[in-house]
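We begin with a single chain expressed as structure tokens, specifically the form predicted on its own.
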């Protein structure tokens, strides 16, 4: 698949009063946008509302066909709840009605009558009843256990296919597999040992108990860390967003200046097949040259290209913006152009200084025939609160998880203040 760095296309924005922008849900009720669109800037015709203020670090979330919202928390609440349950009123506003799961983490998803959720080393599943409610909150089935957690890129994001498999990110506990992690001038470890148990996507059965590394399959490797991933129903394949490496200037200042380090490497979208190798830590993707470059830890100098045997990205985005959510849109509420395209939640950068920080928005990537097609667009902006807060990295809100509601609306979680947003489209 041809790799391209797609330029952002800025969409027109609209802020509309709650009386003029609404959306009919599949239940026939009217969801009304907040008067200020929850503070967001959106394309014309779209509106947003704050569903709930949780006050917690909300990571990924999922919405059942019945409209129940389950939100995974990075850390459990004071009363030990790592998953929040929210129920919405007809207006779209929701209240937290309960919680369960005494573990923190990121991953959560629903599929075929089950809720799946992950800690940073295990994955559990819960049976859902006909109302979309968990029947066994205190006694989940532990389907995966013993995954490595060394407190760097530890989140275990998940996605499910249509054949009874679950895919789990196991992030590399390293920036670039140096002998001394993140230390100036330290070279890369030969045959990077991190890749034995991390730095890739593992495949397990979704219905088998107590699986470990020996029960699973290393589906794809050479991926530094994946937080956003989703199964593309149109092509029946797995897509992932990789967090690119950090600190090119800090570790090799003789090869990269601060601006080069701020702009490299790209955050990459990959279309994965079993056995694929995306090349971390031996390479990075340069969005300026639009090439796979040999990493400096392994003999690179910013000019040497990497071995062409490694997987090409399907698309590339600006550096260090932390893509934490990926969702292929299959609903009918939004206009036709969004169908089967991808929404990506960029959590925002921390390591572009002295250049301004970037991100803190949700973008839309058009697809055609299962492949990225055309420029990506900033879809939902102003989570940060102001351009000054973006530039300094002191955002009010940081988008993290994405979910599609049964009516086709888009939910966005925020792991800074714990706000849950819902974006709707006025079909009138």
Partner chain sequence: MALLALGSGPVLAQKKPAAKMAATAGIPAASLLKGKSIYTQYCLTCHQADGGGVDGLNPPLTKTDYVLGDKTRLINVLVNGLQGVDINDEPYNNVMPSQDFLTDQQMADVLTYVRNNFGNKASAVTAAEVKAVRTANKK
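Residue numbers count along the first chain shown, from 1. Source: prediction; values computed, not measured.
Omitted here: the form predicted together with its partner chain. The next part is about that form.
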_My question is simply whether residue 354 lines the interface with its partner chain in the model of the complex - judged by any non-hydrogen atom within 4.5 Å._
yes
*Evaluate residue 75 for contact with its partner chain in the model of the complex, applying a 4.5 angstroms cut-off between non-hydrogen atoms, and reply yes or no.*
yes
*Using heavy atoms and a 4.5 Å limit, would one call residue 154 a contact residue for its partner chain in the model of the complex?*
yes
*Is residue 182 a contact residue for its partner chain in the model of the complex, using a 4.5 Å heavy atom cut-off?*
yes
_Partner absent here, but in the model of the complex, which of 189-197, 130-138, 163-171, 146-154 has residues with a heavy atom within 4.5 Å of its partner chain?_
146-154
*Spell it out for me: taking its partner chain in the model of the complex, does every residue among 41, 245 and 388 have a heavy atom no farther than 4.5 Å from it?*
no
*asked:* Exactly one residue in 312, 207, 250, 305 has a non-hydrogen atom within 4.5 Å of its partner chain in the model of the complex; which is it?
replied: 250
*Heavy atom within 4.5 Å of its partner chain in the model of the complex: which residues of 392-425 qualify?*
392, 394, 398, 416
